[in-house]
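A single chain, nothing else alongside it, follows as structure tokens in the form predicted on its own.
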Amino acid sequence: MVYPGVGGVDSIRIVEESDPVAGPGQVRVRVHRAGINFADLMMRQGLYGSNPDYPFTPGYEAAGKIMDVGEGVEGLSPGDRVLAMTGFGGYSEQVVLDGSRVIPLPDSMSFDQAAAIPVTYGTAYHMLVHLGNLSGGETVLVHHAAGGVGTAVAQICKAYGTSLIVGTASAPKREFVESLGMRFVDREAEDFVEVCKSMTGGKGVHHAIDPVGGSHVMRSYKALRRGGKLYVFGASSAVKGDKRSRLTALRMWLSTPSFDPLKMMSSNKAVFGVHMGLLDDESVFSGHLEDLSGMLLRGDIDPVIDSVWRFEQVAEAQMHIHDRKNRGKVLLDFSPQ
């Protein structure tokens, strides 16, 4: 799959290229599943800011089997089932990457589970556990609660014994959000700040997770108690439909708040900006994946898969997310047929 330039879902191209070759220290992976993330949609619209120059192939994460290994690669062999942390290029039948960026999969882990974990669960874990030191009895607010990160947050919070998870979503997703153990908030009909305050005796929540951006960020900040932590990891309010709207994006940027350090100091609140694609210390993320793998094997987490689409349906799959229809993770199927 190639993004030739800024455009809607109809701009995505499926192209035939020669099979890549694994060089020294590299492996070639036959992809079976690739994860779709909201960041992929923003990249296509030219709104992400950290993608390669066009044209390029998106895809942060994939799961499949090693086809061959380059000189100097140890501990990996053709036929091994692996998770591939591609960075970019995951929307492909075959991908070549450094051997250090693939992780062997236990037999009990499916390709669907593997491809659903790195970005969504890795982001949620990094925010709540690594940065937030999440502990039992704490309270959490998460927006887009029915999405990939939202469902990951719900499961991680349950594993760590949080006392309350407040999840905002559209009205049709109420039953699904509540089935995950969250206190559902209709984002169109309720004030989530008031709900968070009323559910915590007026104090507010310990953690707030905001992928919306713009003025919404300040409202999430207000939902925190003293000593609370806000994590900003997206800007979905900059996206309106599948084609870029410069006016929508501009409104989002202009309404994004600036935080006064002195006021933050007096309230003891913290704000974290989180972008896993720009995390310099790869060992930190590797540690997250190791911990999450253990949680999966113990049954503490189980990725919620909304749907799996054949790669030829990539436009429909991305439009499914644009239309906010997904409940959990959306995957692309590249398996041989």
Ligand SMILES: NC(=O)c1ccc[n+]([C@@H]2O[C@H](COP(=O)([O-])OP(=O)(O)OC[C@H]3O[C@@H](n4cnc5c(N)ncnc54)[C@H](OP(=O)(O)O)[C@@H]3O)[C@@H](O)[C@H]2O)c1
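Numbers for residues come from their place in the sequence shown, where the first is 1. Predicted model, so just to flag it, every value in this text is computed and none were measured.
What follows is about the form predicted in complex with the named molecule, which we do not show.
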{"property": "Interface segment, criterion being heavy atoms within 4.5 Å of the named molecule in the model of the complex, picked from 264-272, 35-43, 297-305, 66-74", "result": "35-43"}
{"property": "Close approach of P211 to the named molecule in the model of the complex, 4.5 Å, heavy atom", "result": "yes"}
{"property": "I321 within 4.5 Å of the named molecule in the model of the complex, heavy atoms", "result": "yes"}
{"property": "Interface membership of S110, the named molecule in the model of the complex, 4.5 Å heavy atom rule", "result": "no"}
{"property": "Residue contact check: H144 to the named molecule in the model of the complex, 4.5 Å heavy atom", "result": "yes"}
{"property": "The unique member of H130, R101, R183, R187 whose heavy atoms fall within 4.5 Å of the named molecule in the model of the complex", "result": "R187"}
{"property": "In the model of the complex, the residue from T123, S220, T139, S92 that sits within 4.5 Å of the named molecule by heavy atoms", "result": "T123"}
{"property": "Members of 138-171 lying within 4.5 angstroms of the named molecule, judged by heavy atom, in the model of the complex", "result": "H144, G147, G148, V149, T168, A169, S170"}
